[in-house]
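In structure tokens, the next block holds one chain alone, the form predicted alone.
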Amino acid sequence: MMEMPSWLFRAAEIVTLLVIACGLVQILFYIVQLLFAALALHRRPAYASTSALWDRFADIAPSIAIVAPAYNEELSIIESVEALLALHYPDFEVIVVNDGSKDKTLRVLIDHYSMRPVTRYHDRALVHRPIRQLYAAPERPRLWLVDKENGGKADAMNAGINVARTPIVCVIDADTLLEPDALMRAARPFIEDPARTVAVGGTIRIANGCRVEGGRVLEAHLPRNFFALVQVVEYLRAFLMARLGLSELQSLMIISGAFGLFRRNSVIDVGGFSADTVGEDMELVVKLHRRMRDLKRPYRVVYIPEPVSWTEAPETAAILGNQRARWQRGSLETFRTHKDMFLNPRYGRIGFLGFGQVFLVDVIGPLVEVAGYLLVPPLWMLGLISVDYLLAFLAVIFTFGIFISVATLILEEVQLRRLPRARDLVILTAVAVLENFGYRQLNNFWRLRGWWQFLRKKQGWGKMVRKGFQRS
């Protein structure tokens, strides 16, 4: 057997150590987030019933405009709008923005609600594609429909924010189903701390498999499709651990465009949603951080777990892969645009903790992990690294990954108890283990594709096919 030069052994050890060190730093970030998420749940106000919230806040709750961009949503748009109109909130309006849909979204809405063309003064503070017509529903005075030329989701949300007349805007996806008290719970930080609160995010859960009627989730069930099932675990981990932990650390970097509340003036001050990125929700929050810190104003960007919305998750590898590549591209675009904030003392925790997490998880995370898969096992088989390095790599990838996911499920069960059956918890625990053997690697491949699209400066969202919610 040919003898290897000593420098090759040393180089193999250095590469392996770099991969393991990056993995350990990521795990440390996750554990810190988990601890602060547990602390936030322990310290949160006692869960109040909807009627108690109404009695306490109804007279002082700010008016809210819900902006729902819709593009080719004919299958689920009525259920979504029905859920919005049935919300328990004292003063709100629903603004559906048809972003030049190619299907029957516009016609379905006009016919179902007997909508008529109207004129209404609206702001032009934010730039967007031209509005073709505004519609109102005589029998549903809270409902407005904006028909505009296609310009993408960010463009549609900017049009809706211009049309809105309220101090708070709530942006959602058109396929999002809000629970009846979601708006009241999400508005609570604006009521309790109106001077400092500029943005609030709530929880998003997977509606696949649930029984939906009249735009409401009547019975929560786990999906039977594997890809949707594993996303249940991912969403729990993303919201209940990462966003809650980062919110407690005052370093929250994203409020999902599927369900978020913003102070309208603050959004207009930073120019609204940027149309040149597919990570417009994350980029808006970063712009808010930048402006408030540049002006040295006290402010809060908050995530709270109780307000819940439901969304339809992709069930095929092709659609899910496109979504994950797009999310990866959006994170990289935001990091590139605001890279001067990274490790910049001027931006405090946002520069170090917030951007540090984005750099580790979104920028170099998929590159390092895939490099580990491609290099560490071959290096061990060639005898260039010892079995100790191989075991350390496997522990970083698999053992701690499973620990973080299972710990998040325990947190959910102990603090929130939204899983209706013990059997569901068992299934999700099994999925939290299984996702590390195949799905995690596939997800990293999709994220690498996002990296490639970012380097090639790809634009647009790609194709998103929906089944529609399961009706009773």
Partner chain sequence: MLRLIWDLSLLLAGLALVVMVSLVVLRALSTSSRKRLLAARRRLAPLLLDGDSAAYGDIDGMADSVVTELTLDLIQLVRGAERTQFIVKATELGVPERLRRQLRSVSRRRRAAAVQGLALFDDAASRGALMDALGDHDDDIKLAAALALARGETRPGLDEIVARLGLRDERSSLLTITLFRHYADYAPDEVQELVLDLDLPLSVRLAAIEALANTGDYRLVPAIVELGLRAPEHSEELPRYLHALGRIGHPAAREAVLAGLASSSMPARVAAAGAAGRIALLESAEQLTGLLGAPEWWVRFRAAEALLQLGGPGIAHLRGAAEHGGELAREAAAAMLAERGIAP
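Positions refer to the first chain, counted from 1. Keep in mind the model is a prediction, meaning the values are calculated, not measured.
Separately, the form predicted in complex with its partner chain exists; it is not shown, and the next lines address it.
*Asks:* Would its partner chain be touched by all three of F29, R116 and I319 in the predicted complex, meaning a heavy atom each within 4.5 Å?
*Replies:* No: none of F29, R116 and I319 comes within 4.5 Å of its partner chain in the predicted complex.
*Asks:* Using 4.5 Å between non-hydrogen atoms, is M341 touching its partner chain in the predicted complex?
*Replies:* No, no contact at 4.5 Å.
*Asks:* Does any part of N150 reach within 4.5 Å of its partner chain in the predicted complex? Heavy atoms only, please.
*Replies:* No.
*Asks:* With the cut-off set at 4.5 Å between non-hydrogen atoms, does R124 touch its partner chain in the predicted complex?
*Replies:* The answer is yes: R124 has a heavy atom within 4.5 Å of its partner chain.
*Asks:* Looking at the partner-bound form in the predicted complex, is R120 within 4.5 Å of its partner chain by any heavy atom?
*Replies:* Yes.
*Asks:* In the predicted complex, which of the stretches 192 to 200, 322 to 330, 250 to 258, 222 to 230 has residues with heavy atoms within 4.5 Å of its partner chain?
*Replies:* That would be stretch 192 to 200.
*Asks:* Given that its partner chain is left out here, which of R293, K287, R264, R205 has a heavy atom within 4.5 Å of it in the predicted complex?
*Replies:* Residue within 4.5 Å of the partner: R264.
*Asks:* Using a 4.5 Å heavy atom cut-off, which residue among L442, L35, I410, L434 comes into contact with its partner chain in the predicted complex?
*Replies:* Only one listed residue qualifies here, and that residue is I410.
*Asks:* At a 4.5 angstroms cut-off on non-hydrogen atoms, which residues of 57 to 83 are near its partner chain in the predicted complex? List them in order.
*Replies:* Heavy-atom contacts within 4.5 Å come from F57, D59, I60.
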